[in-house]
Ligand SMILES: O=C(O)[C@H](O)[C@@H](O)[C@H](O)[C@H](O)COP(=O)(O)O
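Only one chain is given next, in structure tokens, and it is the form predicted on its own.
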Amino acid sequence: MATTDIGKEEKKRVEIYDLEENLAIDLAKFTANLSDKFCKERGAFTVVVSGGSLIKSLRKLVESPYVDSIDWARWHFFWVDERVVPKNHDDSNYKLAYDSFLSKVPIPPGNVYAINESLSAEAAADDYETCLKHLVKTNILRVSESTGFPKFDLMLLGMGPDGHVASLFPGHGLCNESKKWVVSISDSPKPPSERITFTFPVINSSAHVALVVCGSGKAEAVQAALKKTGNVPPAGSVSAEDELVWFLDKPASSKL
């Protein structure tokens, strides 16, 4: 493993791993440590995940020692974006997380916040934002003192080969949304076209963000995001209030 500091952004660090297996081990340790910290400090741990390959990278959390030592009852589990499809559909981020993660750990079902996929994309986004605002009122979800947006304890994100994060795609107007917490997208360049997604102000108000990227097919986007070269992709706009960590395997970091 190599640790690299890119520029002078003190809250950002880049961890590079020879093997994806070692990345997954460290990501589990990173997540478990934050879970322990926030459960002790505030009695809850708010975690946001994306879809895609990220869920596979969380596999060590459902194994010993973490599966038995984490205080799962205090977890509150969210999605940074979701496709507006039935929960049993192969394109569903809920299904992906359920099959590989949620079905293997005892997070209370009432603490798992899936979208209402029976609604239109626009209505589903409004519904999810209403849900978040209720959780702010009940003190499950904190609010950033500096931005006024919700402050999740940990956001676990993947990145596409084009550098997109959540459902915020290069050149799309939603990348510039500055007021809403959750928005709908009906013209996603990657199918399915109808989705909901958190906005950058919400992502960047998180206490801790992990950007987990593996594979040589994403090396150019990693380079553009971290070195701020050429057209900087959406991943280059990700930040965090306390700590942003990029978890990269060797192939993904090959152009740094």
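What you see is a predicted model, and the numbers here were worked out from it, not measured in a lab. Note that residue numbering follows the sequence shown and begins at 1.
The protein also exists as the form predicted together with the ligand; that form is not presented, and the subsequent description refers to it.
Remark: of stretches 157 to 165, 120 to 128, 175 to 183, 135 to 143, the one touching the ligand in the predicted bound form is 157 to 165 (heavy atom within 4.5 Å). Between the options 216, 204, 53, 223, the residue in contact with the ligand in the predicted bound form by a heavy atom within 4.5 angstroms is 53. The shortest heavy atom separation between residue 228 and the ligand in the predicted bound form exceeds 4.5 Å.
In the predicted bound form, the ligand lies within 4.5 Å of some heavy atom of residue 81. Proximity of residue 40 to the ligand in the predicted bound form: non-hydrogen atoms within 4.5 Å are absent; the residue sits far from the partner.
For the marked spot (93, 190 and 195), a heavy atom within 4.5 Å of the ligand in the predicted bound form is present in each of the three residues.
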